[in-house]
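Single chain ahead, written as structure tokens, the form predicted alone.
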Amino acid sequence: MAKIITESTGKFGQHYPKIAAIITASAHGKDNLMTAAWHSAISYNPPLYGVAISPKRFIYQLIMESNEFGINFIPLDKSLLAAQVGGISGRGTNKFQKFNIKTEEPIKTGVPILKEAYATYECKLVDNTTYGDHAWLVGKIIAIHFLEECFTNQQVLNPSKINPLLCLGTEHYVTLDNNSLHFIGKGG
């Protein structure tokens, strides 16, 4: 097969799939959430996590006002939730009420913790740098909520217990196929 080679990037998407996460924030009595695929761990020590968010988003405003955010990881069976909260602005709509989203109490921040998440990071904002049309928000993880049964003893996601939501881009979602998993050690 021949590769296509182009200088016109358009909406480049060759880097997908990515774990989809629901970003949550709260400020001045207003809660909001959005779906994001552009996020990553940055450092173990200190524990840092980053997410790319457009400054045009209402959730960006809430994060700037509160200096905190949540990263919620949800399973494949909640893909409709990911599509719903990613497809509507929270500026004039309470998405938690509209989509009947249940939350749990945070322990170190004021961010909503999604009851349906198999893992959530509570983060304090430590950096905000704009790159092109998105800001890269870096948070220090100050609390973690997770379902222990969804992870191995080494804290690796156990796909026989949970099907993580993977985003293929433009509201297309998939998950891992347990029959095609291959655990390969560092030796090859």
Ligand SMILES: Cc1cc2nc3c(=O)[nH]c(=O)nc-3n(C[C@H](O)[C@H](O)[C@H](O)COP(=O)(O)O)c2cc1C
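We number the residues from 1 along the sequence you see. This one's a predicted model, so the numbers in the text were calculated from it and none came from an experiment.
Only in words, not in the display: the form predicted together with this ligand, which the text now covers.
The partner is absent here; in the predicted complex, the one residue of A52, A143, L125, A27 having a heavy atom within 4.5 Å of this ligand is A52. Within 4.5 Å of this ligand in the predicted complex, a heavy atom is found for every one of A36, F58 and G87. The closest heavy atom approach of H134 to this ligand in the predicted complex falls within 4.5 Å. This ligand in the predicted complex is approached by A82, whose closest heavy atom lies within 4.5 angstroms of it.
Although the partner is absent here, N32 sits close enough that one of its heavy atoms falls within 4.5 Å of this ligand in the predicted complex. Contact annotation: G169 falls within 4.5 Å of this ligand in the predicted complex, judged by heavy atom distances. Segments offered: 36 to 44, 117 to 125, 65 to 73, 151 to 159. Contacting this ligand in the predicted complex at heavy atom distances within 4.5 Å is 36 to 44.
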